[in-house]
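Heads up, the chain below is alone and in the form predicted alone; it's given as structure tokens.
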Amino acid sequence: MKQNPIRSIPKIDSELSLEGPKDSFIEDIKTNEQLIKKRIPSKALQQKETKIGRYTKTRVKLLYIKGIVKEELVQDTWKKLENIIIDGVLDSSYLKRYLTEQFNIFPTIIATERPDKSSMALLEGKIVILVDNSPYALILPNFFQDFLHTTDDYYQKSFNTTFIRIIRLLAFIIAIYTPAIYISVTTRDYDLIPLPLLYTLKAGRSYVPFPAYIEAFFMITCFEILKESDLRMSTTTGSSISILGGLILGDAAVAAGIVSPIMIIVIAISSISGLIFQSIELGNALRIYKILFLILSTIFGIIGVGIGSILLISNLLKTKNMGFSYISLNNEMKNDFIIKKNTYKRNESLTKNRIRGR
């Protein structure tokens, strides 16, 4: 029997690891399964297999740990997989829209190339889905705080991890709020900042012919084009594009009087803060809310920022993932939300077997 060619196990590419294992998944489902079983050599690690796709007949495996995961979660996810009717599955991302219960701006499913991250998820009472011909496994269900954490958090000391998590939470807030607050205090709500600072901000914009909000939209659009170009190009060409866009065009735009230096700083801080998160879908959600907040602040000033905050919190609270609240913070989850403790307790909504050392 002719065997399909497979590549050797490579180092992690998209989810860089500072500490911990360096191996990653490949496009062979059997190899990916073995990478997880090497870490969890227990008979409690169970799997279910099916084939999805009229023409591709792609093998899909659902992995879970019996005794930790809730059986209702396994049955619900398995039922969704069996009900998928599609011509073909070429990558694990094809299954995402069938596994979510509603349209969500924020991501509810994590795609990872790391076997250690998948193994951690299984030990937390979650489900891992492997798809043949895809180097990315799907982890579900996930919560808001899962996107503020990284696998490396559990390979470092508690103090360092806690500090980094605070930085990530601040980056989340800065990415959304910074342009909107700048627009509101420089165009409508002047009394919110000290007068000397207001003079400085106004002096920086004195020669710019466009309103601040048009300037902000222009800079955000330029940055998104630059980021997309950088992602699609090779490593060598991408570095050239970064230098061209970040240094030459930015400096030329300021010298020509099209944009102000302060606006470049504001948009750069906001955009760089959004790049701290590994999830592309979370980055897209931050982009949407940043533009929404910018529009509201242009129309209503600082009140618009408050309206945007209500919409953001409301969306986070009402989002459901496999029947679980997206931003639910019970006692166990609070122990590992920002402050990392040496003894980790599983999320009690996922499993009754809650305590596990990390």
Partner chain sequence: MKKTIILIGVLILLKILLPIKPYIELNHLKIIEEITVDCKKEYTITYQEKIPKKEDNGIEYQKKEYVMHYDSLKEAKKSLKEKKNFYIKKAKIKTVSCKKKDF
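Residue numbers count along the first chain shown, from 1. Remember, predicted model here, so these are calculated numbers, not experimental data.
Form predicted in complex with its partner chain: not shown, discussed below.
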Might residue 296 be said to contact its partner chain in the predicted complex, defining contact as any heavy atom within 4.5 Å? yes
Taking heavy atoms and a 4.5 Å cut-off, does residue 45 contact its partner chain in the predicted complex? no
Although its partner chain is absent from this view, report whether residue 317 comes within 4.5 Å of it in the predicted complex, heavy atoms only. no
Closest heavy atom of residue 300 to its partner chain in the predicted complex, within 4.5 Å or not? yes
Please determine whether each residue of 188, 198 and 212 possesses a non-hydrogen atom within 4.5 angstroms of its partner chain in the predicted complex. yes
Its partner chain isn't shown here, but in the predicted complex which of 269, 208, 222, 164 has a heavy atom within 4.5 Å of it? 208
Identify which of 202, 79, 97, 232 has a heavy atom within 4.5 Å of its partner chain in the predicted complex; exactly one of them does. 202
Heavy atoms within 4.5 Å of its partner chain in the predicted complex: which stretch among 59-67, 305-313, 32-40, 46-54? 305-313
